[in-house]
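One chain comes next, on its own, written out as structure tokens in the form predicted alone.
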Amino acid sequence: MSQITRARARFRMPSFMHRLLARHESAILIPLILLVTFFYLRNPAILAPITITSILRTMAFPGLIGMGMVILMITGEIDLSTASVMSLTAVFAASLIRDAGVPVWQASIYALGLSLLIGFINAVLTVRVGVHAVLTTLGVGLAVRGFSYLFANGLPIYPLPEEVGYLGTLRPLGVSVVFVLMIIMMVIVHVILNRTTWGAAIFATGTNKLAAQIVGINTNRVKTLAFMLTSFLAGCSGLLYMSQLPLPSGDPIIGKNLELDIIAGVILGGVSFFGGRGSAIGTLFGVMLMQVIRTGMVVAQFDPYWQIPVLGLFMLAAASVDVIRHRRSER
């Protein structure tokens, strides 16, 4: 290698590292690596195949729904009803299968249609009526969870045909089918956000809604589609969760409190509460970080009650960074 080539390499490397560290994905990947290293020093079992498989399986459901949530939050909105949609979708499908004799595939289509309807209701109340998304989706989530208990009379709906649990038994690449679907969805969302005009419209809507409307972007339609996609993925997760239960059933407690994991993962992944910033890869790392913390503290034999405070501190740190970035961008 000539001296000129070596000199060019020396100048290029700092520039490459600067661009790498400036990416949102790196901001979460670095603490993820540090945490894994810390837990490994405490107990090497954190990198045992069974532990890694457990982390991947646990992160699959919040990660799958998170791929819709990242689009929604980039537009400047949020959905707190996703876990309830999981429950109602599973209960509704199970009720149709057991009580009405509807074929499994047809009941699944009806249940997913219901999830799209719930997403559309969230969009209408938020986008058209003008109710804040937090209030809208919180209220809809409570109502949906209530309907789920009404449908099931507070009890799991079973027995169900064997084919209901078919997807739950699949282990492609040695992990659950939900994890594979999450990866596929991550790739799709990444392409949408970075390679399509709709992705540009999503970022424009969240960055400056008025400016987006001036250039001809239908921001209401963008947000409506984002709400419906998020709810649809929650519906898919509900059906898949039902198929993975030891005894496949439509249980109204499916997804209980999972919305906290979804929001935490998305926030830790660098998605801005103010809209206009976020990525599918960052969301994947955020959900993974959350599950590494949960599993790592157990493997490292920390008091399990420390899990929630630690996750809360990480969320506060991510939210604080988000606010600081937003204030700097406004200057």
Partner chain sequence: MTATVNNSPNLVSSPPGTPILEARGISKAFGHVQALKNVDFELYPAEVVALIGDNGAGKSTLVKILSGVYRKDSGQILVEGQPVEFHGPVDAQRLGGISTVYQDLALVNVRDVASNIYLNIEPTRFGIFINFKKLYADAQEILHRLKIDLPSVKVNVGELSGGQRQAVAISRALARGRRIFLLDEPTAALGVEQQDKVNQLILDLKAHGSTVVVISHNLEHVFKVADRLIVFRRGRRVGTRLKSETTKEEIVGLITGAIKGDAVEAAT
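Positions refer to the first chain, counted from 1. All figures in this text were calculated on a predicted structure; none of them were measured in a lab.
What comes next is about the form predicted together with the partner chain, which does not appear here.
Looking at 157-165, 203-211, 105-113, 142-150, the stretch with residues near the partner chain in the predicted complex, meaning non-hydrogen atoms within 4.5 angstroms, turns out to be 203-211. Contact with the partner chain in the predicted complex, judged by any heavy atom within 4.5 Å, is made by just one of Ile217, Leu229, Leu80, Ile121: Ile217. Of the residues Leu135, Ile253, Ile184, Val191, just one reaches the partner chain in the predicted complex with a heavy atom at 4.5 Å or closer; this is Val191. Arg195 belongs to the set of residues with a heavy atom inside 4.5 Å of the partner chain in the predicted complex.
Though the partner is left out of this view, Gly276 does reach within 4.5 Å of the partner chain in the predicted complex, counting heavy atoms only.
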